[in-house]
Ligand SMILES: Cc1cc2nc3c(=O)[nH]c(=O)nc-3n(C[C@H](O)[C@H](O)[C@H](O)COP(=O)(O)O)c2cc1C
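Below sits a lone chain in structure tokens, taken as the form predicted on its own.
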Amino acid sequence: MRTVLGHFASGVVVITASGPDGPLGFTCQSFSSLSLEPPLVSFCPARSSTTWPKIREVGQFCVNVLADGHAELSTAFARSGTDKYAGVRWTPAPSGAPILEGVAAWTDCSLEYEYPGGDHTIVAGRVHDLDSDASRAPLLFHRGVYRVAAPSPR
């Protein structure tokens, strides 16, 4: 299943929050727009995630859409038991959650809904603020490797 579904290219995001003991974050591939009215996005953290329960408690988070040049950042935030923010520059979103430097886009959200989804949790977040940098190409993950979208001919 992983091999076949790996043929679908996905963007890569880092979900961040400002926790009581400092910034939190994890890498996630399953992110999408869910609704325009009300403004909702969704993502699916693994049930084995040790970071998602901490972010759930905070109730607010920022979805950082990674850009070209962020493959190492994606890998760092996918690891457990390390200082994910070592050497990472960021600014606070309106909620206080980290907006990682150089991202293609970000959405500042509050937790709206949460549903069981097999070995993952389906999360819906209400968007309160967002912005993007049109000059940055998004980082993609396709067939087990990071890629950058090529501009389409006009």
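From 1 onward, residues are counted along the sequence shown. Here the structure is a predicted model, which is why all the values come from computation and not from measurement.
A second form of this protein, the form predicted together with the named molecule, is not displayed here; the remarks below concern that form.
Shown alone here, residue 106 lies farther than 4.5 Å from the named molecule in the model of the complex, counting heavy atoms only. For residue 42, no non-hydrogen atom is located within 4.5 Å of the named molecule in the model of the complex, even though that partner is not displayed. In the model of the complex, no heavy atom of residue 93 sits within 4.5 Å of the named molecule. Proximity of residue 61 to the named molecule in the model of the complex: non-hydrogen atoms within 4.5 Å are absent; the residue sits far from the partner. With the partner removed from view, the residue among 100, 28, 97, 123 that has a non-hydrogen atom within 4.5 Å of the named molecule in the model of the complex turns out to be 28. Heavy atoms within 4.5 Å of the named molecule in the model of the complex are found in one stretch of 124-132, 106-114, 85-93, 44-52, which is 44-52. Annotation for 55-74: the only interface residue with the named molecule in the model of the complex is 74 [heavy atom within 4.5 Å].
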